[in-house]
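Below you will find one chain, with nothing else, as structure tokens; this is the form predicted alone, and questions on how it binds or moves follow later.
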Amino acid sequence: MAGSLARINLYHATGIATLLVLPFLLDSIGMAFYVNMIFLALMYGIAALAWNLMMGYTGLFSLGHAVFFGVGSYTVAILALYYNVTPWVGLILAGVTAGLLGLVLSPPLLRLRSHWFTLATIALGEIFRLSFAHWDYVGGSSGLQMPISERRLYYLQFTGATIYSYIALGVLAVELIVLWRIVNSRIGFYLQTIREDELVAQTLGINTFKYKTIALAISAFFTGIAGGLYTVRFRYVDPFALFDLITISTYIAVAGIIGGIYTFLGPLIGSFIFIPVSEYVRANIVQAFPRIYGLHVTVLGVILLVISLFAPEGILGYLKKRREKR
């Protein structure tokens, strides 16, 4: 037992050390594409961990997390562009805005169960996408451009993805601490009871609507911050990119599923597998066959199919299962 714990702690320490050194190292040798890949993996990892609080621990399969991602992203852009608020504050307010939205949406959404909940989240994403595309205050279909200023630190305006990767790493560290405390607390126990059987949870006296609302709000909060990170990195927001079913909602869910939804770190591991592969395919294979539309989605679908056939419990779940058998 002690040996297993020592190995796990060693793996964690190695992973943390690698993430701390790798962006700076890759940037120093001119591999900017791979630094940006790390940033994207961290950003999607933050969102996938938040999504997994809903799916892995509460049993609510959402394909509408692009709503919280997009709202958080727009919050940072609007505050900086219209009210001269630094993105340092904007990132926190992005999470707060998305979390409050989660609370507002919880009464109609959480009354639904099973596939009806999933379908409702998909519809919600489309509603927000079309609404923002016709809302002049947020730039309509043209979107919004972050302000360009000499106050680089104030507006988080840096060259390349290295600094943004470290900011995302800091957000990820805070999220891991918060989520770890939640899932190992009484709230986490209640959420898992709801996941296993909501009717039994109700007979045990658990207020299922209350705890599902808590899960939704926390999940929305961290997804909103992930959306804010998108804005400070790419400096531009538009509704068709941010409320997209495939590249936002589905990517977040697939990262969680590949890593293992019933494990704590699975979604993070999944994002560091899925996102680099996705970016590599998009940047290399698709460029070689430009006439084949949607080729990268097809390749990713094949990868997901293979993993679902050979490791239906996800990568981390599969490794855990093998370790238990040994």
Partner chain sequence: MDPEILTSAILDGLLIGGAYALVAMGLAMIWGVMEIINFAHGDFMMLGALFTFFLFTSAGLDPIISALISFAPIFALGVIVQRGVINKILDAPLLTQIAATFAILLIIRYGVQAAFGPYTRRLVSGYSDIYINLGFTTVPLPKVIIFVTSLIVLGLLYVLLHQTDLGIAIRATSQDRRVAQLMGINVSRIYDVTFGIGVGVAAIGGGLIALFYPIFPEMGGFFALIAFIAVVLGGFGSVYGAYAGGLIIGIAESVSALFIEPALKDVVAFLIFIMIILVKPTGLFGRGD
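All values reported here derive from a predicted model rather than from experimental measurement. Residue numbers count along the first chain shown, from 1.
A second form of this protein, the form predicted in complex with the partner chain, is not displayed here; the remarks below concern that form.
Original post:
Looking at 163-171, 75-83, 219-227, 193-201, which one sits within 4.5 Å of the partner chain in the predicted complex if you count heavy atoms only?
Top reply: Only one stretch qualifies here: 193-201.
Subject >> Complete contact of Gly90, Thr97 and Val237 with the partner chain in the predicted complex (any heavy atom, 4.5 Å) >> reply: Verified in the predicted complex; spot residues all out of contact, no.
Original post:
Though the partner chain is not shown, can you say which of Leu176, Met146, Ile214, Ile122 has a heavy atom within 4.5 Å of it in the predicted complex?
Top reply: Contact check passes for Ile122.
Original post:
Just to confirm, Val35 within 4.5 Å of the partner chain in the predicted complex by heavy atoms?
Top reply: Output for Val35 is no: heavy atoms all beyond 4.5 Å of the partner chain.
**OP:** Answer with yes or no whether Ser28 is in contact with the partner chain in the predicted complex, where contact means some heavy atom within 4.5 Å.
**Re:** No, no contact at 4.5 Å.
Original post:
Quick one: is Pro276 in contact with the partner chain in the predicted complex, heavy atoms, 4.5 Å cut-off?
Top reply: Contact with the partner chain, no.
Original post:
in the predicted complex, does Ile46 have a heavy atom within 4.5 Å of the partner chain?
Top reply: Output for Ile46 is no: heavy atoms all beyond 4.5 Å of the partner chain.
Original post:
Taking the partner chain in the predicted complex, which residues along 30-61 bring a heavy atom to within 4.5 Å of it?
Top reply: In sequence order, Met55, Gly59, Phe61 come within 4.5 Å of the partner.
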